[in-house]
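Below: one protein chain in two forms, given as structure tokens, structure 1 then structure 2.
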Structure 1
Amino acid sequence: MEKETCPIEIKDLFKQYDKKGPVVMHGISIKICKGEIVGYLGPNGSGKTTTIKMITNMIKPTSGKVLVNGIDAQKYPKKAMKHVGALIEVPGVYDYLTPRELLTYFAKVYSMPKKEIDLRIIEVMSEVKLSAVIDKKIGSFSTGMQRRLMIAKAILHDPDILILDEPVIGLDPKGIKEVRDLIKKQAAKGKTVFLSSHLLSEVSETCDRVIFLNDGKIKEDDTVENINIKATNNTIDVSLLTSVTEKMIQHIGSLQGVTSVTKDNRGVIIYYDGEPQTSHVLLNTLIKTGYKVYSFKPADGGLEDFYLSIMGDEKGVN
């Protein structure tokens, strides 16, 4: 069998911004293979931008490795980034430039052949539906237009890999749809896409696979299809006569086959591997431990509850 090519591979990344500060990435490993559209989902502060900045070599990992198309991004950044287009944070520093000026500048940064530049700029501006404003000052653009321009910048050199950090954040529904359609169009061309979002709906709508991130750790990594199955089939709703304690939640969470535990008004919701054997052992353990169980039944919490249970509700999803 032909070896699967994975244009993005990160291995055991740790990040601590300041020597005395907290560790914000705790050994993240991710493989993204050719043609995949992968969502990187996590609440604010979970480490999405930090990861993306390490992949694109804007900041250095404290330890760990990033390979882009098999090339070490720290050792050979220029070569590694040659086939990457990235959208990272929305800068306001280009206000006095026009799209044509901005894109011409970046075309040179990307070392694009001189005679292709003018035509390619016209092409990408048409692709993001901004042809009419190619010579207008960027400062006068709406947030949606600016975001589309940044996507034009990311796809300018026709990269195979697109890395997009919160591409729809701050946009209105129309802007969201426009950017989403643009991303899907790029994906349809066979590009590999890695996009971050704090919105579950965004990733479940756009991506094939989702990586759940919380507090700098990966909590789940699976296809949207499998995650949907897990969210609906792998849930047990346990009702208890006594109130739930933190210790109880920790204990249940530590049991074999349990993904996460969340408190609800009558007891706990347990997300587990879906194995009947696990369910059997769980029920036995709860009773043996002395928890006053009065009902133990499968539940359909749906994707939203699954997300909350994995992320913990202390941070929320916004």
Structure 2
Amino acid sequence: MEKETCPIEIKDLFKQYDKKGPVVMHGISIKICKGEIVGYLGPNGSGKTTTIKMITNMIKPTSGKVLVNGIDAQKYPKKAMKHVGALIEVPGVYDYLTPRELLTYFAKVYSMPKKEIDLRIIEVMSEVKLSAVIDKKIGSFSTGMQRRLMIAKAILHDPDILILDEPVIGLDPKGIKEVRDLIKKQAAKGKTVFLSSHLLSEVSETCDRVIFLNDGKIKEDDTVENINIKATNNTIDVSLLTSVTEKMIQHIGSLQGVTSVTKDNRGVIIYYDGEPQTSHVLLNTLIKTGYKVYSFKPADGGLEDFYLSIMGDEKGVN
């Protein structure tokens, strides 16, 4: 039986903007299967937008391949992008148009049947809760409204794949929930969604799987469920009666089995290897050192804790 092609497949993707400059992407490989909602997380400059722009053929990789529905996106961009809807940035060049005019233009670009265009525009404007402003100038829209309009543009031609860069930026909590529900609705139809975001809680609520990127390298790739388990098993919440100093954080961070330490309002959160023996040794060491520990327990964990544990103090380069 022939193996089903994944809608998005990235193979050994490298990117270096000039021969003497830093390597931005270090040979990353990703597979995203049909119907998945995959979050792409990392600090500013980690390479998230660079990856997305290479998938959508806005920039060329130095080496490696991007396959969209099995089609090489660099060799056959028009064919590969035919079934992709993308939100990468909110341009300001459409300020003088109305949503109806903008979407009509892109419907023609997508070669949609003329008799379907008007009805489809009304449908997508309703889905993003912008029906009331369908004939208003886009220049008068708030950032959040522009974001929702660009999501309408991305789903206009009913694509199989959605690639969304920061889809909820600028939205209020109600707008965020509406976009989350819209994304889940698209996935329920069998569509594949690849999105980047800085809102860890929203990624946790929306995505099935998360890929962590830093410095152009993949640090982790797992389901949200598994990451929550890992975060709980690898995190200790330590409450102290004394103030936490930088020297204290450095000392705890140097102990065997500890991957990183962060300060919180009651003490510190220790990220460690998850071994019971390490936890036992840590508690004894903290007490013997003279730290006034009044609580020592695994934290609730979650995406944010896991993100901090694997990223530490690392910074993105481009």
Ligand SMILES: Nc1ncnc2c1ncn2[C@@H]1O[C@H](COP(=O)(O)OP(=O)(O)O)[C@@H](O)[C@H]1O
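Residue 1 is the first residue of structure 1, and the numbers go on in sequence order from there. As the structure is a computational prediction, the values presented were derived from the model and not from experiment. Basically, rigid core = biggest C-alpha set you can superpose within 1.5 Å across the two forms.
Comparing the two isolated copies of the chain, the second one is the form predicted alone.
S279 shows a C-alpha shift of 2 Å or greater between the two structures [criterion: core-superposed Cα displacement of 2 Å].
The Cα shift for T262 between the two structures, taken after rigid core superposition, is 2 angstroms or larger. Once both forms are fitted on their core, the CA shift for K217 between the two structures remains under 2 Å. Core superposition gives T242 a CA displacement of 19.1 Å between the two structures.
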